[in-house]
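Quick heads-up: it's one chain on its own, the form predicted alone, in structure tokens.
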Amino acid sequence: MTTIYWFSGTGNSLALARDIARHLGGDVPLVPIASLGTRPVTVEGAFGVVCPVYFYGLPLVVREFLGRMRSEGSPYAFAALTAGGFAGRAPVQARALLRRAGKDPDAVYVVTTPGNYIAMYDVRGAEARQRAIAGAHEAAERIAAGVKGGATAFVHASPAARAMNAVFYATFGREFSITCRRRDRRFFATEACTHCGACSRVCPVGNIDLVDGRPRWRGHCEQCFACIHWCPEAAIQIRRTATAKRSRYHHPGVSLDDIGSQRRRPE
């Protein structure tokens, strides 16, 4: 049996994890990484990690999880990374962290999904989103076939691409890692907020309190943008950006409750 560990903000990675599990068949456990808190995890069977790429690297919560993971005799391991564009150093990070956990991964995949980092760019149109979602469905089938067959598969970058990856990560990704959790200081809710609490329910790491019905961010943000994209009124904005003019997105096959189910519980 293969266990799949996942992290997702707008649902792209959860949808991919579900698709892979469906193609694998049987009772495949889907374990939300955020729900595990800071507990160490020991894995003995085959496993996979499915998560997004943030600023050319892995999300901090995923890096920390892999740092606590210990693999004992796992016969097969893979990582599937969803990205709206350039994956940067994320495949290299995934491989290095899994190796450090005791299992050199057998495969690392990058799957293109709709981009949603609206602090920097707008969500693409419906047709482009549908193409990306359809491509991710096809990728899930290929990944599951590879897992069943024990395939070895890696993202092989040219020397020039590796150099570019390193430069992009050093220029943007490293700074993002350092500032990620306090970047929520720029988040705010406009008067469009209806006090529904969706932002608090959907935050995977419990970073949002409600004060008089309005969100207050606590400074340990993962920058997954779940609160922004799942707000039914598009009330959450980011200061000094054009988010008020940009569209919201979440995967059509994933619900708010699905994302909220990964929420970290008090330890």
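Predicted model only: the values in this text are computed from it and were never measured. Position 1 is the first residue in the sequence shown; the rest follow in order.
Keep in mind that the form predicted together with a small molecule is missing from the display, and what follows is about it.
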Per-stretch contact check against the small molecule in the model of the complex, the hit in 91 to 99, 75 to 83, 127 to 135, 140 to 148 (non-hydrogen atom, 4.5 angstroms): 75 to 83
Can you check whether residue 105 is within 4.5 Å of the small molecule in the model of the complex, heavy atom basis? no
Are any of the heavy atoms in residue 48 no more than 4.5 Å from a heavy atom of the small molecule in the model of the complex? no
Should residue 35 be counted as a contact of the small molecule in the model of the complex, where contact means heavy atoms within 4.5 Å? no
Taking heavy atoms and a 4.5 Å cut-off, does residue 121 contact the small molecule in the model of the complex? yes
